[in-house]
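This document opens with one chain alone, in structure tokens, the form predicted on its own.
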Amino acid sequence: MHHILSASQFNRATILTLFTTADRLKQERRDHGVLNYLHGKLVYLLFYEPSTRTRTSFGLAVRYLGGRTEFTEAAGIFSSAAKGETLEDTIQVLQSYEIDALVIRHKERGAAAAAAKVATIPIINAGDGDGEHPTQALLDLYTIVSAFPTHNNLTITLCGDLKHGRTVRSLCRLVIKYLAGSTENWNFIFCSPPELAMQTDILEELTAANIPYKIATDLAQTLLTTDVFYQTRVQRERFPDAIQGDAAWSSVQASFALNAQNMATMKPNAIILHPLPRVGEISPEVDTDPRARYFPEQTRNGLYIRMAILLTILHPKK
């Protein structure tokens, strides 16, 4: 747990310990306000890509634990990266200022791992291109487990842009680790247009772990059987044709969008998640349904899971 780079680095015991710590910190935060666990600690947030939830929740997590933050947003523009400085050199410069940990978001897959190779301080991967987003996976799984305390059999549907989505990749890998050695029977449905299907490396990892999955292109049929519906943004930038791109994107978006009409066919105890931001793939009319958990439960869980991660890394005896 020196670095947080991939969902694959966890095991079931560590995951459950983090969940228990998040539960405890949630109660302590509500009882006492700002805590004092990270007094004197400084965490640097280095973000090369835009972020609302991840950067804000990490920043607040540090402060609610009693620590301090500094940050660089749009680091590709507002750091020496704009002058050609390598990521590795940037990491070595920042850690020379005696910071205690570094949270990094980068546009390239593998960037966090590259940073960790030269780092003497903990590196936390806050998203590396289309690679992984392990802390998002932890908060997603925490939300699922909290919603289904007796969760022996679950069908999890991942919908939208599965080819480029780092959140769904990490969630699959974390579920593999969470289920290892357990008697729980979970399965996945990957619902997307064929051109945005889940990449084969994740499918091979699920097969090796004996976790069943299905490939689907019919949203209506998928909604009938799912317990956890995890929607993702269909990214306009993945349809680059200047003339036909808008039409192709709009068609896919409409075919895989969740609204009040098709949501009505879902199980009454199902839950709906989204890593956000959304751009039309979940209608606002869904927000008030009790099955919708992205506001505020899923987003709020990000705060407490990241508090648990920071405390485990920077003050493990607490």
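Just so we're clear, the structure is a prediction, and the values are computed from it rather than from any experiment. All residue numbers refer to positions in the sequence shown, first residue = 1.
If you look for the form predicted together with a further copy of the same chain, you will not find it shown, but the lines that follow are about it.
- Relative to a further copy of the same chain in the predicted complex, residues 2, 19 and 194 are all farther than 4.5 Å at every heavy atom.
- Interface membership of residue 70, defined by any non-hydrogen atom within 4.5 Å of a further copy of the same chain in the predicted complex, is confirmed.
- Although the partner is absent here, residue 50 is a contact residue: one of its heavy atoms lies within 4.5 angstroms of a further copy of the same chain in the predicted complex.
- Using a 4.5 angstroms limit between non-hydrogen atoms, residue 56 touches a further copy of the same chain in the predicted complex.
- In the predicted complex, residue 219 stays away from a further copy of the same chain, with no heavy atom inside 4.5 Å.
- In plain terms, the part of the chain that comes close to a further copy of the same chain in the predicted complex, with a heavy atom within 4.5 Å, is 76-84 out of 76-84, 185-193, 206-214, 153-161.
- Scanning 276, 263, 257, 292 against a further copy of the same chain in the predicted complex with a 4.5 Å heavy atom cut-off leaves one residue, 276.
- Out of the listed residues 199, 225, 146, 92, 92 is the one that sits within 4.5 Å of a further copy of the same chain in the predicted complex by at least one heavy atom.
- Contacts between stretch 19-40 and a further copy of the same chain, counted in the predicted complex as any heavy atom lying within 4.5 Å, involve 29, 34, 40, listed in sequence order.
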